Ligand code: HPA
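Just the one chain here, laid out as structure tokens, in the form predicted on its own.
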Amino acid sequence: MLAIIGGSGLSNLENLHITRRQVLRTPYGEPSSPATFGQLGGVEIVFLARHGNGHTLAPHEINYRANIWALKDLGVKEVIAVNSVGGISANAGPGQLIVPDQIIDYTHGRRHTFHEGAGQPVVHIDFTWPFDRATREALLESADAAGQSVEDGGVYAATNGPRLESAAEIARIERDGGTLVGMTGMPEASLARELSLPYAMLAVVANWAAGKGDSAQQIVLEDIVAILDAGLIKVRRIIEHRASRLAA
């Protein structure tokens, strides 16, 4: 079973033949939304809205542990996370799709691990390469089959939000090696790794990050919607091809 975690702008999969919805319970509380099950390209899909139904959860309010635990408990074998991001590097302009291969985490105050609390052992996981290699390759192959241009590789910088970053913060992130910036990639990716759940990200660049390009003086939020909508049409096509390849 393939899981899609939908971020800002992706609250549903239009071509998903829905079979049922299920309210989920976990030891870590309730996930962001009920799970939507359906068929896409002959493959069973489960869709989870990261920000909740109606986009009601800010990035720092999301119960990442419940979301990832629920997907693992459902028997999901692969997770594709869809994230809207700001572009920092020259090849990360608005509308570009990116499959990042690295993460820098600037978040704070989030529950970052399943391994905490009384009686829990200290557990260290290897996070050298944060995204599952096979899932990344499958995404890139599906993009090619769908005729969609996707940038292979990038460094996703995870900030806390919900405010956007200052120009100085983006300059710092760029010096650190970040090429795109978002608010929801962590601890989602590391929690998936803790549960050995194959996970990769398909990022949609919605705007230039603060201080870059036409965001040099200000980010005009109204301009983001149309760019994000166009990018998510491409995302849906890639996901359809990924489902078709799994069915083959």
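Model, not experiment: these values are computed from the prediction. Residues carry their position along the shown sequence, with the first being 1.
Note that the form predicted in complex with the ligand isn't included here; everything after this is about it.
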The one residue among 183, 68, 45, 201 placing a heavy atom within 4.5 Å of the ligand in the predicted complex is 183
Exactly one of 84, 135, 142, 96 comes within 4.5 Å of the ligand in the predicted complex through a heavy atom, and that residue is 84
* To do: Answer yes if any heavy atom of residue 219 is within 4.5 Å of a heavy atom of the ligand in the predicted complex; otherwise answer no.
  => yes
Though only this chain appears here, would residue 165 touch the ligand in the predicted complex if you measure heavy atom gaps against 4.5 Å?
yes
- Query: Does the 4.5 Å heavy atom contact test between residue 189 and the ligand in the predicted complex come out positive?
  - Reply: no
Item to check | Proximity of residue 207 to the ligand in the predicted complex, heavy atoms at 4.5 Å | outcome: yes
For the ligand in the predicted complex, the stretch among 85-93, 144-152, 71-79, 117-125 with residues bearing a heavy atom within 4.5 Å is 85-93
Checked 15-35 against the ligand in the predicted complex; residues with a heavy atom within 4.5 Å, sequence order, are none
